[in-house]
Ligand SMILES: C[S@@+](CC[C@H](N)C(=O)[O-])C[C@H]1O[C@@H](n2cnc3c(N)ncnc32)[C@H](O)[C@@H]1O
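Shown here is one chain on its own, the form predicted alone, set out as structure tokens.
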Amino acid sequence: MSQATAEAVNAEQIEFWNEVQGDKWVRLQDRIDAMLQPVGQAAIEQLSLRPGERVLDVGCGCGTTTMKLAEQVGSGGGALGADISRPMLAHAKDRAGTSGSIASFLDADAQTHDFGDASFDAVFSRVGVMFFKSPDAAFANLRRAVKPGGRMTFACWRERADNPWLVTAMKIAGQYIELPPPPEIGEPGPFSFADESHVRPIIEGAGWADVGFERFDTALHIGSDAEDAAKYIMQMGPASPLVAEADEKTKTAIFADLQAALAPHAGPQGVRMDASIWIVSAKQG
């Protein structure tokens, strides 16, 4: 498939992660990685990489998980991070170069990019697979890239009700600004893979076998106190692009309400809020 055709498949997400969120996530990389550390660690442990293996990290963002995977496979293996966000990929490459990591990075849409048949022992993703426009095509493409007997592990958010850290800001913002309706099941978005009954047929239909779903609940560190946490969520949460376009009076009101909503979650370890993910595993069938 040509580059032009590939970009047309996922044009909206490519624009979003390059023009809207990319630079912002680069600026917040340290905080995002610290917040998502328990999620990424749980999924990496499930994957159980071995020295010398080659692994593909889908939706690698700023490269933290790719570099951790590279540490596990060692110099005899390889870790390739793929993403559609050029700002985040540039940051990932700089970080890998500075740290001496063997991780490499590629501007590629996992739905359409030809990674080469049987090129990897494993596929990994930390909350990076929920934004596919064509998940059926994506998982079929990824299966082709994995060697026979290889495996895949990814983490994705479960239901909205089990992830208040993600939905609180949206609820509050919706009291002041008009929000678009939540995406339909299967439409790209943070919760597109929340329903096991929707996701399992996609993965199995793409040719993967032994598909498993393991629930993992944790608490994420959002900020040092309610004020800090509110500032952070207003920058990176799902409501942030819409809030950014509001007038200052509206932003102030949203911030005040969000800070008040986060205050009960503050404690000696800062603001911590419940989160719930699926750790999904499968084998190349």
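Here the structure is a predicted model, which is why all the values come from computation and not from measurement. For every residue, the number given is its place in the sequence shown, counted from 1.
The protein also exists as the form predicted in complex with the named molecule; that form is not presented, and the subsequent description refers to it.
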{"query": "One residue of Ala103, Cys156, Met88, Val123 in contact with the named molecule, assessed in the model of the complex (non-hydrogen atom, 4.5 angstroms)", "finding": "Met88"}
{"query": "In the model of the complex, the one of Ala82, Ala169, Met152, Val199 near the named molecule [non-hydrogen atom within 4.5 angstroms]", "finding": "Ala82"}
{"query": "Val127: touches the named molecule in the model of the complex, heavy atom cutoff 4.5 angstroms", "finding": "yes"}
{"query": "Partner contact for Ala110 in the model of the complex: the named molecule, 4.5 angstroms, heavy atom", "finding": "yes"}
{"query": "Interface membership of Leu69, the named molecule in the model of the complex, 4.5 Å heavy atom rule", "finding": "no"}
{"query": "Touches the named molecule in the model of the complex: Leu56 (any heavy atom, 4.5 Å)", "finding": "no"}
{"query": "Non-hydrogen atom within 4.5 Å of the named molecule in the model of the complex for each of Leu36, Cys60 and Phe131", "finding": "yes"}
{"query": "Contact stretch among 178-186, 209-217, 69-77, 131-139 - heavy atom within 4.5 Å of the named molecule in the model of the complex", "finding": "131-139"}
{"query": "Contact set, 201-239 vs the named molecule in the model of the complex - heavy atom within 4.5 angstroms", "finding": "none"}
